[in-house]
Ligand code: APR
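Let's start with one chain on its own, the form predicted on its own, as structure tokens.
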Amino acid sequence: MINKIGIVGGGNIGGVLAAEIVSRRLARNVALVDVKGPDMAAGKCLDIAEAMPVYGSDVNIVGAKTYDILAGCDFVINTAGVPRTMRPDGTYPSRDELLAINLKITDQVADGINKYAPGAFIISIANPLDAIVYRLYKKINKCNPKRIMGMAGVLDSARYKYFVAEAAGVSVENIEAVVLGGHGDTMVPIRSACRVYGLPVEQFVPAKKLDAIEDRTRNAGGEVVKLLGSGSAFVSPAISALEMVEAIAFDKKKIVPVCALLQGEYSVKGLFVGVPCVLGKDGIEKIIKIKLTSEESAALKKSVAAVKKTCAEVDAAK
């Protein structure tokens, strides 16, 4: 069992994370930070604590508006940021607007981690994901690149798997699939690596249908946002982050798609990009290189270029 997991951001994702950690008995202690008033984090934690007799789980869970409760955390999961919420006029914040607001929030998160949880593993969920984890890495003192990562690939790959399983008429357990690149509309579902019970996906789903599935995967987050009308996906991102936590905490040596700092892999250096990694007790223990088709390689280059552009904006926003 993990000693302590910290969660920054008490919104929908943070609430699901806290409840799941308690129900799974994944950590002895859970700390939820949300700086917004009145006391959202404390209220959510009390609500979850009052369900522990039903869960049959004894976990110390606390919420506060200050970062000091992160002291001693083994993991910090960052969800803090403004979601893609529809405005009253029916429009959504632009990517630039979202980035400007969330970078300021991210700097506060980095300060809190520096002061109270400098040795923790860091998993960031906040959007725009690639840019936020890049900013955290730049702002956290002596940050070990093996111990900081973004959660995107697990979620994007899960969506791809679900859509393929639905089209093939088989269990989701029969699907193997991976999505690479940035977490956005340039992400790259890797059809050449998609398998149904170990067999090529084209044996079960026609090419035109796969084209539609891959396009839906790239826009899956927006699809959820439009259906909800307010806020964005929250259950699937939270569960995806815990997949990463468990792989590290239990030293599974599990291959998981992770937004990781590349230092020459895939011909990329200095950017956080979604790639398959081996996760174990040291964090990101190995980056796996996938043999791509020429079309997939070109698509990944396009996705990396988009990430690079956004990170240049991050650097300019010092």
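Note that residue numbering begins at 1 and tracks the sequence as displayed. As the structure is a prediction and not an experimental result, all values here were calculated from the model.
This next part talks about the form predicted together with this ligand, which is not shown.
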item	value
In the predicted complex, the one of 61, 256, 40, 271 near this ligand [non-hydrogen atom within 4.5 angstroms]	40
Listed residue (126, 177, 244, 122) with a non-hydrogen atom within 4.5 angstroms of this ligand in the predicted complex	126
Non-hydrogen atom contact residue 105 with this ligand in the predicted complex at 4.5 angstroms	yes
Contact flag, residue 5 vs this ligand in the predicted complex, heavy atom cut 4.5 Å	no
This ligand contact at residue 157 in the predicted complex, heavy atom, 4.5 Å	no
Interface membership of residue 260, this ligand in the predicted complex, 4.5 Å heavy atom rule	no
Location of this ligand contact in the predicted complex, chosen stretch of 140-148, 163-171, 197-205, 74-82 [non-hydrogen atom, 4.5 Å]	74-82
Contacts with this ligand in the predicted complex - residues in 1-32 whose heavy atoms fall within 4.5 Å	8, 9, 10, 11, 12, 13, 14
